[in-house]
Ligand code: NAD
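Presented as structure tokens, the chain that follows is alone, the form predicted on its own.
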């Protein structure tokens, strides 16, 4: 038989070596071709008496297998739930046949039959369906590399391990370890996996296949532990074991506390493990596929897969890159400014494999960039994530300077000086006087329009905006902003650079605040208005948490600083003059900053107190200045206001073309300010509840709280027409 995705070679001992190499993919994934080929290979192993066993490995150097092709899963269509279940169960059935050689569980248990030995030679990361394939093998030997990852990350896109992971993992490493692994989605390393009992051996990569074949040859008759008489879950399992009963009671409560009931996948993973621990493995696998089918057919999971995987991956590969622009060979980047942002940009640039010349007003200031990276690297060295030698090599790629002439050979400029048009104009002119004529100049600004800054450039077609988020090394989003005269080469260079630093990019329109800074302030303002109205701060923060926001809006305001908010209010009023529209928080910010001196976290306190060495807590004194209302709103009311305070400005940005499509709106929201990931993003959420419901709810909020909640007129038209935001962009 001819295979598209695997090679199948049988040696003189009758041992088949199956090497997986899916063409056109940088990493092996379960796609339709591989499932078809692998099913045929499993049938051949089971039915051919000349084949005594098999070793499964990867033909790629990038890893063993990364799991299922989520593009395939996201596009699965079925005419009925029965058909959807059968599609979902196909891989489970194939892996079950692999470990039983097609023999019945009853015969295996009684010793009346045995399975042909199957060994996995895991020569790289094995995640999701990749690890599930490994677990279905009788012997699992993994390359000796501490950074090699073994895990089941499906919960991070709203799914559960659907290839036996919720059943084989707990049967190997116990319910508690398996649940922690599957619900968090966090991978483990080979040494930990061996200690837990997930794998049997760790060996040098070059010895894996030979050792795997030795084991197959030495074990002609085998069966999985759960196919043997008397099998018991490590640490207890089932409905009657007090250890497992206690675990499930605690695990369910903890999971719902962590997820606020927003992630059905977490609940379903625990349900799979609980129900599966009561019944035989064959029934347990069908239970898993039942829950997998329920998730895969839900809007929530489809939204999460679309945004968190499909669209994210496309953006990171440069979907917005002009096709005809030549590739940029960026080896050295000039960073202007060694403050918090400039130092963070310097760090991620070096991490992306480039050299950096970082310039500031004097050498002492420029060397802040080295100190910034050294602090991160020292922590990584202490945790064993890198070595002193590699840390020193990293720092050697940063050249601090106060001399503009040192920028003459850079391939790209990223300006990150103080957010003042005059200061930026000065460095633009001085830099362009020394850099090469074809060098792209990018400005890192959070609010200033790029077209205005480009007026200070002698080459506006090579000028573009790149808005990083703080802290740069942790925040995943990059807003790329072409000005009115920015050319394709500038946009291409920005995206080529982004691909090296591995951020999630969105291209946005050149308006004040761009996308994220036109949505986040209204959200934070709404929280401040609630405080001003006398709503309990704890209710506000808890409502945001129950929405799925990673941090409450009051805590986020402290992080970004109230003084920054007050400064922006004053500068915007000055710039807009009579056109300035009050937000209602001006007097609130003035009281907090000017009267009370509560600037935020960095100054020691804002909405929260930050005791040295202790845990932060909400400042109790705020009620003296903004008294608590006698009648408090319900949590649902507060949630609606906080949610729609984000949805409304996001929808206006989409309607006004500030973000070009729903994909960018969703990516920017989730990766820019942490909009609840379970929704798939604001556009996905609006589509899920329906535009008609969205407009109706917005109108209701506008009647009660003001025009800031009015939806865009175009959304009313779409609602009447029964349209969806993703109708043309899915």
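Residue numbers count along the first chain shown, from 1. Everything quoted here is computed from the prediction, not taken from an experiment.
Just so it is clear, the following notes concern the form predicted in complex with this ligand, a form of the same protein that is not shown.
Student: Should residue 418 be classed as touching this ligand in the predicted complex when contacts are defined as heavy atoms within 4.5 Å?
Tutor: Output for residue 418 is yes: heavy atoms within 4.5 Å of this ligand.
Student: Please tell me whether any heavy atom belonging to residue 467 falls inside 4.5 Å of a heavy atom of this ligand, as the geometry stands in the predicted complex.
Tutor: Yes - in the predicted complex, heavy atoms of residue 467 and this ligand come within 4.5 Å of each other.
Student: Give a yes/no on whether residue 359 approaches this ligand to within 4.5 Å in the predicted complex, heavy atoms considered.
Tutor: Result yes; residue 359 sits at the interface with this ligand in the predicted complex.
Student: Heavy atoms within 4.5 Å of this ligand in the predicted complex: does residue 339 have any?
Tutor: Yes, residue 339 lies within 4.5 Å of this ligand in the predicted complex.
Student: Given that the partner is absent here, state which listed stretch (229 to 237, 315 to 323, 440 to 448, 484 to 492) has heavy atoms within 4.5 Å of this ligand in the predicted complex.
Tutor: Heavy atoms within 4.5 Å of this ligand in the predicted complex occur in 440 to 448.
Student: Though this ligand is not shown, can you say which of 652, 424, 138, 518 has a heavy atom within 4.5 Å of it in the predicted complex?
Tutor: Only one listed residue qualifies here, and that residue is 424.
Student: Quick one: of 404, 580, 610, 625, which gets a non-hydrogen atom within 4.5 angstroms of this ligand in the predicted complex?
Tutor: By the 4.5 Å heavy-atom cutoff, the listed residue in contact is 404.
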